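Consider the single chain below, provided in structure tokens and representing the form predicted alone.
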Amino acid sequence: MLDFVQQLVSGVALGCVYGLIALGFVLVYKATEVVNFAQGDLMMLGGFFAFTFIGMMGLNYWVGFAGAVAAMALFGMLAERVVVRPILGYPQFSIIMATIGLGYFLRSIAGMIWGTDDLKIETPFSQGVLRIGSLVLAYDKLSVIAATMILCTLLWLFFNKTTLGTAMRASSENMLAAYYMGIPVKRVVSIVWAISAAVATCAGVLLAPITFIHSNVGLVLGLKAFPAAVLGGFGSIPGAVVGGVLIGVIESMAGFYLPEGWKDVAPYLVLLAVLLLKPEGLFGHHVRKKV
């Protein structure tokens, strides 16, 4: 039973990281109907920025964390302006290839600047453990879960209780109608990309105590976060986080209880099973088209 609880906590912590990356996929898709396949690489770049501020420059953890989030928010706006906006309106395949190319570019730049070695960020939660009887839970994993809950709450308040958040939701529902209502759609889309990059950075920094940061970590985790977004219902913000947690828990349990090799396969098998029964995902809305 203790092993089960420890694997469950580990899976939820890893799933929270998947969920935050998936959240970035969903935010950009809802605002622009563009699938940003560089989302995982934005997480990787944010992790390297945090390592630079905290590990190399010696800044306080929280100052370095905030600096990395701010830097990546600006980078997200720049990426939208330079890479995506000029080709909006072109076939979706063109935009998808542009985001894939952006991901390759970011991985190459990260390799040239920070090298190919695995890097780790020391956090205030790296060493301690919580003991409940015989159960031992690491603070780094609990901190990831707590930070994800706080971040999701802040995003919910932003999108539902602020004027800018309401404008973003309006733009995601109908961009043309929002434009006619006087909402600065281009600015809103830039801010969505900034938020998406900032959330990805949070995922990268939270991931650092659990695993290492390297130039290919964004590609690996992005390939797991994208199914999490699909599982939760592509377009559903709560679904992205729930889907990520489910993928993380399934992966953790499969790695512990099933033979070697099932860890990476099991989440995709569950995804296929869910999509066969509920093609729109767990939280997606089914749209029935008339023929």
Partner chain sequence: MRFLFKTDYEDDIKLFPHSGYWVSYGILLALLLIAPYVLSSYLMSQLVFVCIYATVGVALLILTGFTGQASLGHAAFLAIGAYTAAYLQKYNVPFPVYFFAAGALTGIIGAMVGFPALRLTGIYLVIATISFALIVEEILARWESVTNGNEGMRVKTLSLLGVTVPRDSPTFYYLCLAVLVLTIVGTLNLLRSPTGRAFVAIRDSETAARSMGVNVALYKVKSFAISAAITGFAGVLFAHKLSFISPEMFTLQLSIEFIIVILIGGAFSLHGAVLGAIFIVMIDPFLTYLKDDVPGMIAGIAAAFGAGKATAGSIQSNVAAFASLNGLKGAIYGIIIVLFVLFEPLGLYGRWLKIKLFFQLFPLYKRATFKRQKIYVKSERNR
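This is a predicted model, so every value here is computed, not measured. Numbering follows the first chain given and starts at 1.
The discussion below concerns the form predicted together with its partner chain, not included here.
In the model of the complex, at least one heavy atom of S94 sits within 4.5 Å of its partner chain.
Contact check for I132: no non-hydrogen atom falls within 4.5 Å of its partner chain in the model of the complex. Contact check for S172: a non-hydrogen atom falls within 4.5 Å of its partner chain in the model of the complex. In the model of the complex, G255 stays away from its partner chain, with no heavy atom inside 4.5 Å. This chain is displayed without its partner chain, yet in the model of the complex the stretch 172-180 from 172-180, 143-151, 158-166, 195-203 comes within 4.5 Å of it by heavy atoms. For the options A71, V185, L137, I210, the one in contact with its partner chain in the model of the complex, meaning a heavy atom within 4.5 Å, is V185. With the partner removed from view, the residue among G67, P227, P238, G55 that has a non-hydrogen atom within 4.5 Å of its partner chain in the model of the complex turns out to be P227. In the model of the complex, every residue of the candidate spot (Y29, A98 and D264) has a heavy atom lying within 4.5 Å of its partner chain.
In sequence order, K30, E33, V35, F37 are the residues of 30-44 having a heavy atom within 4.5 Å of its partner chain in the model of the complex; the partner itself is omitted from this view.
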